[in-house]
Each structure stands twice: as C-alpha cells, then as structure tokens.
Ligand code: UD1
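What follows is a single chain, given as structure tokens, in the form predicted on its own.
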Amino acid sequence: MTQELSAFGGNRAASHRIAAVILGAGKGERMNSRLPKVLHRIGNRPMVLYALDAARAAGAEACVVVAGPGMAGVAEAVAPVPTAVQAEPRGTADAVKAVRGRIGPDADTVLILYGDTPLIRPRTLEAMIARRRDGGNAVVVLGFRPADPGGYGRLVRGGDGSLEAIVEAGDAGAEQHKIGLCNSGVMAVDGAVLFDLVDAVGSDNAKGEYYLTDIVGIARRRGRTSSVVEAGPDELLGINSREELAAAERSFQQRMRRAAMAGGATLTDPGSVWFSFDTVLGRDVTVGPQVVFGPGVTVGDEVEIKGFCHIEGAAIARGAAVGPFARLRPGAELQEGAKVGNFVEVKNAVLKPDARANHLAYLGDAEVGAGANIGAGTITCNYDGFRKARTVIGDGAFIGSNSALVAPVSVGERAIVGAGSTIDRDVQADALALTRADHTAVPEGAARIRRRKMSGTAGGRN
C-alpha cells in the first residue's frame, strides 16, 4: 500500500458555492530576484500552487490568481487557473477589485489568500467557511499569535468576541500595539457583499494604499458582523526574503517527515531527509540519512534506501534496494527486488526484477533484464555527441567489470560479457563476448626499466 505524502491534508467541502482569490502581485523586492516572489519554490514547487491547492481542497470551485504586470511566468505556473492583473501596486483591496467579473455572483463565500503564504491547511479554511456561514458574518479573518507581533496588523475584538476592526501596525496606537492577536491577511468574505465592501475602501492611511483590512470596519458600520478564526504561526509564515523562504522550507519538510513516518516509513535520521511536494512512499520503507527526493518519486512497499542517495523522477518497486551513494535520475525504474548500489547512476533506464548493479556503474537509456548482473565500472555509452541510443541487456546476462556497451546495442539472455570489454555490436543469447588486447609479458622488463630510470637520475637528487 502506498500513500502520497501530504503536508496539507484536508477534506473537500461539499458546497459548490465557494470561490478563491490568490493574491500574488507582490514583486518581493527583498528576495533580490528577477523571479516573481510567488514562483520561488517550496518542496520543489512554486509556492503559489500550495495556496491554490489548499483553497481547492477546502471546496473552492472557482479560483483566480492576481498577478502584477509582466508576470507571465505566474500565469504559466497556475494555468489553467485564470489570472487577473493588478495594473498598479495600490494595495490589497485594489488587488481584489482586479478579479471583478471573474468571480460568479453565486459564490456565497470568497476565500482571499496570499501566494506567499504556502503552508496554510485546508482544514483551517474549512473552519473559516463554516464560521462565515453559521454566524452570518460578512467577513471572517484568520488570526494568529506570533512570538513578535512587530509589524503585523492587530485584530481588535469587542466584548462579545466579534471582530471590530483590523488596525495596520503603522496606524496603531500604543494600546493597540499591545494586542497579541495579529492579522494573517487571509479572509473568508460573503460573496454577495465583497465588491460593495472593497469599493468603499479609501486610502487615507500612512501608506496611502487601499487596505483590504478596512472592509471589517465598513461591514460593521453597515450592520454586519465579522469574526476571527485562529491558526498556529507555523501555517502563516509569509515569505518576503530568502531567509523566510528557508524557514518555510524547513517547516514544510517537517510536515512531510511526520507524514512519511505516520504512513509507515522509517526515517533513521528524519532531519536529514528532504522531500518534494509529490513524494510517494510505501509502507515499511526504510530511508537512511542524507537522502534527497526530487520531484516525481514513487517508492513501493518494503524498499530500503540507504544513506546519501539523490532520487528524482524515479519509480522504485516493492522490495528493491538503493544505495548508499546512488543517484536515480528521471526515467529510472527499479522493478521488484532490483538493486542499485553505491556510486551507481541510473537515467531513463529500467532494471527488471532482481537485476543488480551493485557498484560504480552508469546505466543510461537502457533496459536491464530480470536477474542480470552489471559489474563494477560498467557504463552504457548512450550518447555519441549527436543523439541518444539505447542498450538492451537480456534476462540473466552477466556484464563483467569495467565494460563499455556502445549503444545502440543488445546483449542476449544469459550472455556473458568478459571484464574490460568494449561491446559495439549485438551479443547473441548464451554467447561469450570478449574484446581484449593480447597479454604481453617481458621477463625482467620491470627490473630493467627501474635500473635505467635510476641510473638516469643519479646525482640529480639531493
């Protein structure tokens, strides 16, 4: 049994009347990068896609991503989800206005999330949706209590626990600065009034921007209530710098490690194992220290992956063994019971059941038959400088150490290739193939060479 590791578990809501807006127009100047901030990667995936996934898992049928001018890469990354462009950076309320006409009038709840807050969980959004509906709230804001409230906006609540206002840090007074409950920016808003509220937002504040947070006060003045749902700070890590990106990656990896172990995998040194967003591990898998899973890896039950391996775009079947110090590149497939040992690299190659390449080999663009043995130092010469070609090794074949198989070439079933051979033509089944220079031995030749060398250097050493 296999399971996809998920750092973001949640149950899809039943309603078809939920929409989501993902704000991703920020340039991220503190990232010091040409890449739009929301395209920087967590778990080998653009961070904006995590917010999208969370919204969809919480039941959002219609999603729109807001990008800035010249951010074609964002549109490409989120496709087929549509994008809207915020022409000028005039604040979060203005960004929401950019999706007018993209969100249908039948959406009774609109989630507003941020593309640079990738760790939010679907169950948190589900709680916000339920609070908005059950309480008849115009707005539900996601709050959290950071260790250092610093520059976060403060959530001001009334005596009945309802949310009265959100005050930006730059506009907060001394008493408001003492409030520990802070604004994450994530909201669930009544779709019937969303655009009426954002149209009423002004820019009379320290930055002269249109703050989405103002809709709480506007709704209150119109006789509508707002509320707060709290989440842990680990869900709400906003990313504005490379340092914060690294912190979010660490948090993501911790989630993935916990999910792996809960799913039946043993990680002998969890903190040194690194996962991608789509890593799939089976039950009773053992993963040694310093293993890195790139994108596209599926591992079956009862596989052992020893330390210091790098695996990407590979499928490893039940009972196979990998490493230590092995590299599986995209297109690598290890079938049941196959073994790849230390300092073996496999790329776009299939090792059939019980095939073995135990050490010091390169297998590229190849098929290795069931039960075949690949000796140390063997390489498939798959590239001639112009094109790639394939090597096929039959079931039960034995490839001796330090052999070079020059593709395109095939080695038949049960054939033997002698150590040190260069094979550039097909080998028939059950044949023995050898390509070795004649052995020449000169009696006392080594002694004569030493005497000659020593006499030539006499007096030249001190």
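Numbers for residues come from their place in the sequence shown, where the first is 1. It should be emphasised that the depicted structure is a prediction, and the values quoted were computed from it without experimental measurement.
This protein has a second form, the form predicted in complex with the ligand, left out of what is shown; the following refers to that one.
- Heavy atoms of no residue among Gly263, Thr268 and Gly282 are located within 4.5 Å of the ligand in the predicted complex.
- Heavy atoms within 4.5 Å of the ligand in the predicted complex belong, among the stretches 354-362, 85-93, 381-389, 101-109, to residues of 85-93.
- A heavy atom within 4.5 Å of the ligand in the predicted complex is found for exactly one of Trp274, Phe195, Tyr152, Phe277: Tyr152.
- Put simply, Phe252 is far from the ligand in the predicted complex: not one heavy atom of it is within 4.5 Å.
- In the predicted complex, at least one heavy atom of Gly185 sits within 4.5 Å of the ligand.
- Although the partner is absent here, Leu23 is a contact residue: one of its heavy atoms lies within 4.5 angstroms of the ligand in the predicted complex.
- Taking the partner from elsewhere, Lys207 is found to have a heavy atom lying within 4.5 Å of the ligand in the predicted complex.
- In sequence order, Lys207, Tyr211, Leu212, Thr213 are the residues of 200-230 having a heavy atom within 4.5 Å of the ligand in the predicted complex; the partner itself is omitted from this view.
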